[in-house]
Structures are given as structure tokens and as C-alpha cells.
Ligand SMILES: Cc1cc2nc3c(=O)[nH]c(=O)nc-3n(C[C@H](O)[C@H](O)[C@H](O)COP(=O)(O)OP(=O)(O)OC[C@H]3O[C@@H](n4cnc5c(N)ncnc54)[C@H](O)[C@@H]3O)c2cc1C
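A single chain comes next, written as C-alpha cells; it is the form predicted alone.
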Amino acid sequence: MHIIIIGSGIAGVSFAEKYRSYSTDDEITLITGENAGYYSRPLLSRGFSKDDIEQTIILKTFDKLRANNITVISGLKITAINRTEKTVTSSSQDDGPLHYDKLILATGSAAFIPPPFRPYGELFFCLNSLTDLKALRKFRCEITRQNRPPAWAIIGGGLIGCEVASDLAVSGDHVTLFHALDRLMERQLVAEDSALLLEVLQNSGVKVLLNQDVKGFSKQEKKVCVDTKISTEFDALIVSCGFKPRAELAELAGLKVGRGIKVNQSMQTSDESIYALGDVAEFPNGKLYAFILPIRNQAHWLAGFIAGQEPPNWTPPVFTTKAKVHGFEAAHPYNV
């Protein structure tokens, strides 16, 4: 059997390694647009306070996966799935279609950009990949070489926005956090913990602006501006408004798609030969599991299920999460 996995995040790599532990004979091919290796996405938001982050964030090189008899094709984007022929086609003109018996979609998620912000894409950064982090660090280095701290605007007071704001602030930068609602991380925290988080961020030097109606962005010479009722200048902007599952490839192939790729409780899509897992998979209860523990659990379970070692129907594990905000400990469980 030939299993093709698309995606080299925790979902794709965990599945590949676990399935290899069940089967030494089946062919496993992992295809990814990444080149740097398998890295820890949760550590991206700690990417400014650690000088060696670009090296230490790599959990495993692709060569190490290859040494485990997993074929890794890096730097390649899959552009189409032919469900009739059971093949995938890449953007490379040099490679022909690759045949699969089972296809695993572990394509993860992209940064969600609210529609009003999309016309201003050249004016802001996102932080969703190691490539994004390297671009941000390079920009920050250019400013600090002028012997002054950068001034950042973070748009979005959710989990990632708060983490990034915190890490930039403890690194000595000037940070202003714009949030549309009246409290931070309102989806994960009770009001009491949101208030505590606000206090911790303010004490670290972050200027937090709640109830902000950001209308757009503009450029003033070398500065960029956040346009609310007034226009404020910064060196750079980071939009951090949540995530969007990368379901375009599945949708193009005619698979059922909602918020993510729709799967049954055994992670099977509307095509019996194609599975989806990780934060791109939408389960029958409408949930997308975007946290490390359930994603790794999904990957290990699915490997066992396809290998005939697990009964049907994945059960989500009990899990929680924790914001990586310097000096913040929530007093109540997170809503996950």
C-alpha cells in the first residue's frame, strides 16, 4: 500500500512515524511545501526573546524522517487531487502525478485575514510559519541596528496576538495591542482571567486598546498606520486574528468542506480513500481541534486505525492548553 501525506506539521509527521511503527513494508510519502524540517509551530510566538530560535525550533530534520524509511518530498505544493485515478499533482512541471492508495490531508491552517484588511496585505505581517518568523526577525533586526526599539501594532487580542505582544515586549520593543472586543482571549478565558492577562501585559509594557474598530491600514513614508478613529504610526503591523483551515485543495477535489474538511468520527472524508486530521479536519460535532495534544492523539489513532490496530471512531482526549504569555497563569481552566 502507498500512503501519501500532505503536510509536515505535527499531524502529518506524527501520523507518518506512527504508521511506520506499525508497518515496515508499506510505502509512505510525505509531501510538504516546507524546506527547513519539522518544526514546533507553538514556539513561533516565542520567536523574539530567544536568539537561537531559528535553530532550536526545528524538532527533526527531513533527513531524519528519511532515515526512518519515510520518503519526504519538500518544497513542493500539491495543486490537485484526482479522486478517480487516485493521484495527486504538484506545481512542479518535472514531476508526474503520484498514485496513492490512501491519502492523508494534514494541510493545517493559515492565518485568517478579515476581509476589510485584505486589500492592505503588503502593509502587515502574519506569524503562522517559520518563514513568517524569519521575515519578522529580519525586519526587527534592521530596526534595532538603528539603536532604537521597534514600535509594533498587534491586531487581535486572541491567544497568538497576546503571546506575540508579550514576547516582543519582554524583548524590549514598544507594543500596542488592538482588540475588537472588551476583554482579551474571550474565547478561552473567563472574565476574571482576561482581566489578569490585561494587567500582566500592561505591566510588561504592552499598551492594550480594547473595543477597537480597526478600519484599515495606511502608509506614511517609512511608517505604517492603524486607522481607527485616529491614525497611529508604527514601524510594523502584525495581524493576528485567528486561523483558517487550508481546505482549498479538498474543496477543489469535490470533498465536502465546511469550516474545515468534513470528516466522520474515523477521520474519513466524503471519499473513503482520503482522510483528514489536525486543525484542518472538521468533525461531525462541528469542532476543529487546533491544539497539540488532540492533534497528536488523532495522528496516532488514525495510524493505528488504518493499520487495523484501532476500532472505528476516534474519541477526543481530555486536554487543556496554556497561553505562552510571560508571567501569566490563568486561575481557571481554559475553554477549549
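All residue numbers refer to positions in the sequence shown, first residue = 1. Just so it is clear, the structure is predicted and the values come from calculations on it, not from any experiment.
Separately, the form predicted together with the named molecule exists; it is not shown, and the next lines address it.
Engineer: Quick check: do 8, 78 and 128 each get a heavy atom within 4.5 Å of the named molecule in the predicted bound form?
Structural biologist: Yes, because 8, 78 and 128 each have a heavy atom that approaches the named molecule to within 4.5 Å in the predicted bound form.
Engineer: Whether residue 33 contacts the named molecule in the predicted bound form should be assessed with a 4.5 Å heavy atom distance threshold; does it?
Structural biologist: Residue-level check for residue 33: yes, a contact with the named molecule.
Engineer: With a 4.5 Å heavy atom cut-off, would you call residue 163 a contact of the named molecule in the predicted bound form?
Structural biologist: The answer is yes: residue 163 has a heavy atom within 4.5 Å of the named molecule.
Engineer: Contact between residue 324 and the named molecule in the predicted bound form at 4.5 Å, heavy atoms?
Structural biologist: It does: once the named molecule is placed as it appears in the predicted bound form, residue 324 has a heavy atom within 4.5 Å of it.
Engineer: When the contact criterion is heavy atoms within 4.5 Å, does residue 41 count as touching the named molecule in the predicted bound form?
Structural biologist: Although the named molecule is absent here, residue 41 would touch it in the predicted bound form, with heavy atoms inside 4.5 Å.
Engineer: Please tell me which of 109, 204, 171, 212 lies within 4.5 Å of the named molecule in the predicted bound form, judged by heavy atoms.
Structural biologist: The residue from 109, 204, 171, 212 that makes the contact is 109.
Engineer: Partner absent here, but in the predicted bound form, which of 50-58, 284-292, 301-309, 64-72 has residues with a heavy atom within 4.5 Å of the named molecule?
Structural biologist: Partner-contacting stretch among the options: 284-292.
Engineer: Residue by residue through 195-216, which ones have a non-hydrogen atom no more than 4.5 angstroms from the named molecule in the predicted bound form?
Structural biologist: Residues within 4.5 Å: none in this stretch.
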